[in-house]
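Here we start with a single chain on its own, the form predicted on its own, put down as structure tokens.
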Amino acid sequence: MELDTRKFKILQAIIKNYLETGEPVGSRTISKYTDLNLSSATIRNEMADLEELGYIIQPHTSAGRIPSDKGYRLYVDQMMSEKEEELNNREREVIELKEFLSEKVEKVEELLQDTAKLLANNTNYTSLISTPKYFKSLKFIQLSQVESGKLLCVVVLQGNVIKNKIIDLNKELDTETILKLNILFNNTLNGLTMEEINLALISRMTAQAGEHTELVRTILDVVAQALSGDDDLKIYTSGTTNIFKYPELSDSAKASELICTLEEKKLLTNLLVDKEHSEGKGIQIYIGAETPIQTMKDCSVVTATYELEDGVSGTIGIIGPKRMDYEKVVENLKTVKEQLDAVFKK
């Protein structure tokens, strides 16, 4: 059932009031809050319908109502639809962001850390930003003997990410053998991801290697490590203590779980994985149970992707209560995303 205009306006009023106060909202408050000129009794009836439809809930007997995750989702989807064009054209008010980012571009890690701090300060929520994540496909391999008994294996991934390792040799290799190995690896593996390097392909390569089967297996291990490793991925957070500003998150058990998640950061990679599998690279909003991290089920998380080039991107995000100021958060994220895109691509 779609909501009629009156019900939707009442839902909007409940949500906006709850965002501001954090307190359950009653019919008398809504009667003063909206321009519908409805009686408290009529508003109570409409609120009962909204509750039955699952858009609001009553946390305690005789208390007012608060939005459910379903109610937040409808509100956010409508807001995003209405604000998209406005946000694209509006003059942004993030403090000297363009100049700030331009000055920091020579130190990427410092830039990202300071951007996280800026977002946390501007929104009063917790922010996160990841270093660029590269789409792991193989560009080429270069094998060369650097000294007696040592083979240098250089693996170049898409985005010109370079991994290298020295391999100890059991016996010396002549120039022709190294050339043949280079041809074997590049002709077979170029452009492939880890998932595409299957057992049949590995068996074919080792069969062609002849007496150098073990060396080929060792080089394949180096390639696999380069393609599958996330050692370079870092996630910076800021504004963790902002959690305590919101009573619904400052409960000792909830706050402890959230802070552990933010400090350890391993679980935050679930947000990045979920982001990779979502459609498009615009703003994504996760409300309550939609968030792919169990400890954030009482939060909302808003993320966006910034890009360095095709296949090279990172994630920026804001974590706060479900009653966060979505419009302000979306504006800040869109601004930071656009400026990071501009800085990295110029």
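What we label the rigid core is the largest C-alpha set whose atoms superpose within 1.5 Å from one form to the other. Because the structure is a prediction, the values reported are computed rather than measured. One-based numbering along the sequence shown.
The form predicted in complex with a further copy of the same chain is left out here; the points below concern that form.
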| query | finding |
| --- | --- |
| Contact flag, E196 vs a further copy of the same chain in the model of the complex, heavy atom cut 4.5 Å | no |
| Non-hydrogen atom contact E214 with a further copy of the same chain in the model of the complex at 4.5 angstroms | no |
| a further copy of the same chain contact at E263 in the model of the complex, heavy atom, 4.5 Å | yes |
| Close approach of E172 to a further copy of the same chain in the model of the complex, 4.5 Å, heavy atom | no |
| Contact stretch among 202-210, 239-247, 215-223, 69-77 - heavy atom within 4.5 Å of a further copy of the same chain in the model of the complex | 239-247 |
| Interface residue in the model of the complex among I166, L267, I183, L233, criterion: non-hydrogen atom within 4.5 angstroms of a further copy of the same chain | I166 |
| Proximity to a further copy of the same chain in the model of the complex, single hit among T131, N124, S228, N160 (heavy atom within 4.5 Å) | N160 |
| Core-superposed comparison between this form and the one not shown, T261 Cα displacement 2 Å or beyond | no |
| Threshold 2 Å Cα movement between this form and the one not shown for L151, core superposed | yes |
| Rigid core fit then T218 CA moved by 2 Å or more between this form and the one not shown | yes |
